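Below, in structure tokens: the form predicted alone, a single chain.
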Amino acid sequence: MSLTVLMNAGPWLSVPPPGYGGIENVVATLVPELRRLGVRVVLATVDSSSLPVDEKFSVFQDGQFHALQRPYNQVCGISQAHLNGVVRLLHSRDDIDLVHDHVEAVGLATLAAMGPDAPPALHTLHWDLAKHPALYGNLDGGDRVRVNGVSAAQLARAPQALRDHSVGHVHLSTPLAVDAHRRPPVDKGDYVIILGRINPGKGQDLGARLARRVGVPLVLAGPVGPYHRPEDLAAAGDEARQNPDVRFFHDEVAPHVDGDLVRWVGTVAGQERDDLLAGARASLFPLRWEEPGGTAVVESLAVGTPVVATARGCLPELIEHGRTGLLTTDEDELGDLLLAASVLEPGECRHEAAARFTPAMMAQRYVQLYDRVRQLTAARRLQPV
């Protein structure tokens, strides 16, 4: 395949990230498979990224995620500085066949503003599409810029202007899904786990209350704002409460964390995370928002851990109720489902992951979308004026 793609991961975290980093983990999963398919990848990231690529471009030495807690007028130029560098790079060369962008809002806006002579672009929507109504409700990507979702449910909730630019959705994947059906079973513990960034939408406070009510041990694994370990958050002091996720943790979650029935272990990564997830009787997703992609969901299936979740967003697309998980629209029922999850067969979860959520499948789907975007752009450019 003769195709050069500029993969724009953004300036916030290195690729792969040091622990939690949803979008950066997606990029780290996708790029090696694209390169196996013959796609040449130019990665726009930070210089500390270690993912093997054909070329790397950066404006910042290290990830700028730590700056996100600062006031807007101190942080608003970071994405723009990165995108300014990307635009200059695109203007300086003619071998980029397509831009695959992952930078929220400003990536899409910048690419759409570049004009008809810029390369075709695909912008992946990783987040809640209600966040930027003025942008998404009035998007004009011209002849070149298209978007894709990470689930059908996400796109179904998108503004019409955004859906008009859509070329479909691609479910997220995980390297853990490769040969997951061949992985031997592991002994399950008595605990359940909520894996992910701690914030109101993920519902860790509800999960903690449910766990205490039914007497099931709960492990909360994920960062609070920019703080990856309990000791880091403790050392930050009262100033950390300027971050809304930190306030949520202190006010709504921490009162339930007793170090015994409910534990917060901070960010876990690598084999430690995989082992913790595989040993859980269930993964809990007490969602208060329409989850768009669900990386942690497919990771849970890949290690043979059934999912108990609120049936919101992409969850009904990823989970087969009664086989790979238990879904409900009633928050109060989640506690009872935690007790019932032990009857589900871990092997069914691993088989589902191996059949649907491998990186190779995601890469093949994206190559199809790249071809579609380029065809649409070429067709428009051939139309008579």
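Start at 1 and count along the sequence shown; that's the residue number. Small disclaimer: the values here were computed from a predicted structure and weren't measured.
The form predicted in complex with uridine-5'-diphosphate is left out here; the points below concern that form.
This chain is drawn without uridine-5'-diphosphate; in the predicted complex, the residue among 119, 107, 141, 222 with a heavy atom within 4.5 Å of it is 222. This chain is displayed alone, yet in the predicted complex one of 250, 197, 163, 188 has a heavy atom within 4.5 Å of uridine-5'-diphosphate; that residue is 197.
Contact with uridine-5'-diphosphate, judged by heavy atoms within 4.5 Å in the predicted complex, is confined among 88-96, 233-241, 141-149, 294-302 to 294-302. By the 4.5 Å heavy atom rule, the three marked residues 11, 82 and 227 all fail to count as contacting uridine-5'-diphosphate in the predicted complex. Residue contact with uridine-5'-diphosphate in the predicted complex: residue 377 places no heavy atom within 4.5 Å of it.
A residue is said to contact a partner when one of its heavy atoms sits within 4.5 Å of a partner heavy atom; residue 202 meets this definition for uridine-5'-diphosphate in the predicted complex.
Contact check for residue 267: a heavy atom falls within 4.5 Å of uridine-5'-diphosphate in the predicted complex. At the 4.5 Å threshold, heavy atoms of residue 16 stay clear of uridine-5'-diphosphate in the predicted complex, well away from it.
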